[in-house]
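Presented below, as structure tokens, is a lone chain in the form predicted on its own.
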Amino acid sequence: MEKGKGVMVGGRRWAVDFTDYSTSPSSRDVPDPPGFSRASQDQDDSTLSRQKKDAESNWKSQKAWEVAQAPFKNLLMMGFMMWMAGSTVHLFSIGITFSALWQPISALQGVGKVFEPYKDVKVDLLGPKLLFIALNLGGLALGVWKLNTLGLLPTHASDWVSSLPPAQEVEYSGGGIPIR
């Protein structure tokens, strides 16, 4: 074969034919060297796939914990916003307070959806879910505390006066001399 010229196979100029027409023993007939077995390559592949699955499980677990800790940032931000709103009843403070109540409630309703991407046999989601729930309950408690500081929670007896029956008369006085 000339240098720079390809073997003509089937009329195609640069096609190479790798068919072994020699009578010498092929590489398949040569025994493997000591300490090497072809099964070990398959084991290495399974080990690599197992390591890859373990790495993916670790990544899912780490991300689940990050998602579980996310309400803490929201808790700090909402606390700062409530502090900035003050303790007087006006539109802004009421809006912030109801936002502080609504966000944890809606987050608690969707706990399953939040952790759905991280479901795996090897990933334990109980701890992250409990932390997520606890932080959202803390946000809910912060909102209820703000309602109390605004005086919007009925916590005193005077808040229930309209539902109390009228007091019984203990003493009656009357009479006397009319003055003309």
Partner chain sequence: MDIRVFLLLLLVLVSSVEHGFSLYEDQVGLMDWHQRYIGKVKHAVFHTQKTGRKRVVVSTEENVVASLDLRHAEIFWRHVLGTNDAVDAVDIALGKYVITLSSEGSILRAWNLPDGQMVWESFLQGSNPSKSLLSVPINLKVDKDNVILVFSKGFLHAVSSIDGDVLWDKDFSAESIEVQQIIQPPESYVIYAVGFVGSSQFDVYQINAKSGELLKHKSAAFPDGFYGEVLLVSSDMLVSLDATRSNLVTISFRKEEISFSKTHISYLVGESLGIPVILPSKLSGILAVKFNTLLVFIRVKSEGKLEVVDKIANAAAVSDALSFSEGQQAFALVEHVDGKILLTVKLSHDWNSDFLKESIAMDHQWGLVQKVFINTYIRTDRSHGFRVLIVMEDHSLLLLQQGEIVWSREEGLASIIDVTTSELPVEKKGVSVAKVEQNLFEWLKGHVLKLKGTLMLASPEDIAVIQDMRLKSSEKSKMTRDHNGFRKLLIVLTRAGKLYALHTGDGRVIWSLLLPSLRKSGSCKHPTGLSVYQWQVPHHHAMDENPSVLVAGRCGPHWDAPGVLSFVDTYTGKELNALGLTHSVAQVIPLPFTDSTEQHLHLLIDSDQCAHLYPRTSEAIGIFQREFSNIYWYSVEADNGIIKGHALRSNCIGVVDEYCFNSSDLWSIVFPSESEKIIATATRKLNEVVHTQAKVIADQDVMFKYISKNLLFVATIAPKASGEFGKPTPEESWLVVYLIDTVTGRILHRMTHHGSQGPVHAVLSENWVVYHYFNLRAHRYEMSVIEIYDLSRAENKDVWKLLVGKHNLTSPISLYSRPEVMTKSQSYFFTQSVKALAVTSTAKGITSKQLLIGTIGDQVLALDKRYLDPRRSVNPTQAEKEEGIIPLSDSLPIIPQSYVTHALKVEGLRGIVTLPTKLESTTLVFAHGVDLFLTRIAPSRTYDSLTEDFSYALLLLTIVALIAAIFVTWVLSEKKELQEKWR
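Each form is matched to the other, and the largest set of C-alpha atoms that superpose within 1.5 Å is called the rigid core. Numbering follows the first chain given and starts at 1. Keep in mind the model is a prediction, meaning the values are calculated, not measured.
Another form exists, predicted together with its partner chain; not displayed. Remarks below refer to it.
> Against its partner chain in the predicted complex, would L152 count as a contact residue? Criterion: heavy atoms within 4.5 Å.
L152: yes, in contact with its partner chain in the predicted complex.
> Even though its partner chain is not shown here, does A167 get within 4.5 Å of it in the predicted complex, heavy atoms only?
Yes.
> Examine F18 and determine whether its closest non-hydrogen atom to its partner chain in the predicted complex is within 4.5 angstroms.
It does not: once its partner chain is placed as it appears in the predicted complex, F18 has no heavy atom within 4.5 Å of it.
> Using heavy atoms and a 4.5 Å limit, would one call Y172 a contact residue for its partner chain in the predicted complex?
It does: once its partner chain is placed as it appears in the predicted complex, Y172 has a heavy atom within 4.5 Å of it.
> Look at the stretches 46-54, 144-152, 63-71, 130-138 and give the one with heavy atoms within 4.5 Å of its partner chain in the predicted complex.
Only one stretch passes the 4.5 Å heavy-atom test: 144-152.
> Following rigid core alignment, is the displacement of the A167 C-alpha between the shown form and the other one equal to or greater than 2 angstroms?
Yes, A167 moves 2 Å or more.
> By 3 Å or more, the Cα spacing of S163 and L91 differs in the predicted complex; is it closer or farther than in this view?
Closer together, which means the C-alphas of S163 and L91 are at least 3 Å nearer in the predicted complex.
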